[in-house]
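Heads up, the chain below is alone and in the form predicted alone; it's given as structure tokens.
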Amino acid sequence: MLGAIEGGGTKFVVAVGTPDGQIQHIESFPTTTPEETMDRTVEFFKDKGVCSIGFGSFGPVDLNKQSPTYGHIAKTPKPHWSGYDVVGHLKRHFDVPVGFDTDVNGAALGELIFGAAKGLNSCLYITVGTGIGAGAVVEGKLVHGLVHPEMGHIMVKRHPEDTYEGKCPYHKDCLEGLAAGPAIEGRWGVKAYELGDDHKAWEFQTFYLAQALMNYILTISPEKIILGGGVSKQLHLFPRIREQVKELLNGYVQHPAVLECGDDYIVPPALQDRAGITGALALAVQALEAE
């Protein structure tokens, strides 16, 4: 059995499963202080006999294995979590390999191995919810660099009718600042799920997300784009976004998948709400194989 942790800023999801991606037992609980949350995580796994654990965490996190702070949460607005050694906490209790990455990288890997991008060599997973984050697999490997990618904070052109200043505390009107859930609520005064399909908000949302996908296509050329998260459950957005991406690229990328930009290229997660936890299971598989 393998252990999986989807560590979110609002809640933790913990599970055990098999190497073929089958979840056998799953629980969730609120993210409180790091000590309380990680102790509860340890309690879940202590009698499960797991031989490896995968942990997809909210960020930012230190993924550099040569760094003295590898496995720590980096500076975050989440109270008490900045600098906390989450991997070290697990290692003190379990003498097993721990695969550690961002939650969106984990979800990207899960969709590549078990989900919408199964059988492909690359994919991009974007989550649009409380924030916007993206994880990428290129040539079968998760993308890392100096730090992990922060694709939710790219700059996009402002919609001509949008006067909202932006919600991001660092950049104001970056992609996350204009198109994440809190920005929708801040602009319109209600949560995204309360808006009708024909609300002006979705024109803005399409405008911003299509620009972002255009940039990602031109940058890393993924074989599949998976659009997840709460806002992306608005399925009426998908045809709008596909059409606008096609218009923005204007035939420049000469590949049938991008030229057609059909319903098999920009897709919802095949793993649905379990993309993150199944991705954590995929990280556990990778960690075990690396031993």
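Quick caveat, the model's predicted, so the values are computed rather than measured. A residue's number is simply how far along the shown sequence it sits, counting from 1.
Absent from the display: the form predicted together with a further copy of the same chain. The rest refers to it.
This chain is displayed without a further copy of the same chain, yet in the predicted complex the stretch 147-155 from 86-94, 147-155, 109-117, 191-199 comes within 4.5 Å of it by heavy atoms. Using a 4.5 Å heavy atom cutoff, 74, 139 and 250 all lie near a further copy of the same chain in the predicted complex. The closest heavy atom approach of residue 227 to a further copy of the same chain in the predicted complex falls outside 4.5 Å. In the predicted complex, residue 222 approaches a further copy of the same chain with a heavy atom inside 4.5 Å.
Proximity of residue 258 to a further copy of the same chain in the predicted complex: non-hydrogen atoms within 4.5 Å are present.
Shown alone here, residue 214 lies within 4.5 Å of a further copy of the same chain in the predicted complex, counting heavy atoms only.
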